[in-house]
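We begin with a single chain expressed as structure tokens, specifically the form predicted alone.
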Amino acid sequence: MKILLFGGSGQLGFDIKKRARDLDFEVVSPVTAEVDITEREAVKRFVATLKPAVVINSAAYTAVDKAEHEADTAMLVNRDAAGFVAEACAAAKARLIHISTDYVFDGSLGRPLKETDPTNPLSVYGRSKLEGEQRVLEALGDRALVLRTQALYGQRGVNFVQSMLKLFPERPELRIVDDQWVSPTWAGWLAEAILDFVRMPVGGIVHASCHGTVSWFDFASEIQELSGRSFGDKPLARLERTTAKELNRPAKRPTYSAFDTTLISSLLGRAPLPWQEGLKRHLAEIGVITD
């Protein structure tokens, strides 16, 4: 089966390509010089020529805070380009798996979020991703699968786990938010789930995250606990609790955006990997821990 992957150089795209090598998939992942997804006609020509069975769009503008003053760029990539890809898929009769985010919610419900819960993004980034979802579904209907994920980390790109591993031996103290809760998601697990969905005629919106809920502070504590021995005798940063209000980042984040994973469990026939196990596998994969 031929898959066209946009965003193959990112952390999720890297894991999709890596895991697809062992499966019966032909993955084509063009760089921007080959096709710029913000150019409607270029995307349409590329998809029409390649004739993929499935397109995976993991390309996105993900600089959440910068998006507050780069709204036009965020909207171009996350909303407009998503629509261009969906239109090209419709013309070529290809299915689309589009990656979205928990930032389409405000996180005010205080419980794991279901696919049917009302959206209310708090940031430019969140609005751009929500409008991208809408354009994808308008263009393709049930031939599009929108997978919302969150707190993603992997071997490539900037992410929370990578940042913590870098900062632990460099800083005497790290202030970590303790009043926002998420479901940290390992890109390796998500890539495997996406490749399972490639073979399944599933459409609509599905929440795709590792299982379980944790605050960013407790997530950082677990990363430090598991990775501590890899730093030898170096003193590691003392972790201090702070609040989102005290940290005062430019973009607002959802307060409680952990996902209800009932639907994805039913579709895949298995529960998502617990976030703690995902973290252990990731740290082992990058050589930080050996057991």
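The numbering used is simple: start at 1 and walk along the sequence shown. Computed from a prediction, not measured in an experiment: that's the story for all the values here.
Below: the form predicted together with a small molecule, not depicted.
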Considering non-hydrogen atoms and a 4.5 Å limit, which listed residue (174, 139, 77, 214) is close to the small molecule in the model of the complex?
77
Can you pick the one in 36, 65, 260, 70 that has a heavy atom within 4.5 Å of the small molecule in the model of the complex?
36
Should the three residues 168, 184 and 283 be counted as contacting the small molecule in the model of the complex, with contact defined as a heavy atom within 4.5 Å for each?
no
Going by heavy atoms within 4.5 Å, which of 198-206, 174-182, 108-116, 121-129 lines up against the small molecule in the model of the complex?
121-129
At 4.5 Å between heavy atoms, is residue 94 in contact with the small molecule in the model of the complex?
no
is_contact(residue 9, the small molecule) in the model of the complex, heavy atom dist at most 4.5 Å
yes
Contact test in the model of the complex: residue 151 vs the small molecule, heavy atoms, 4.5 Å:
yes
With a cut-off of 4.5 Å between heavy atoms, is residue 99 one of the residues that contacts the small molecule in the model of the complex?
yes
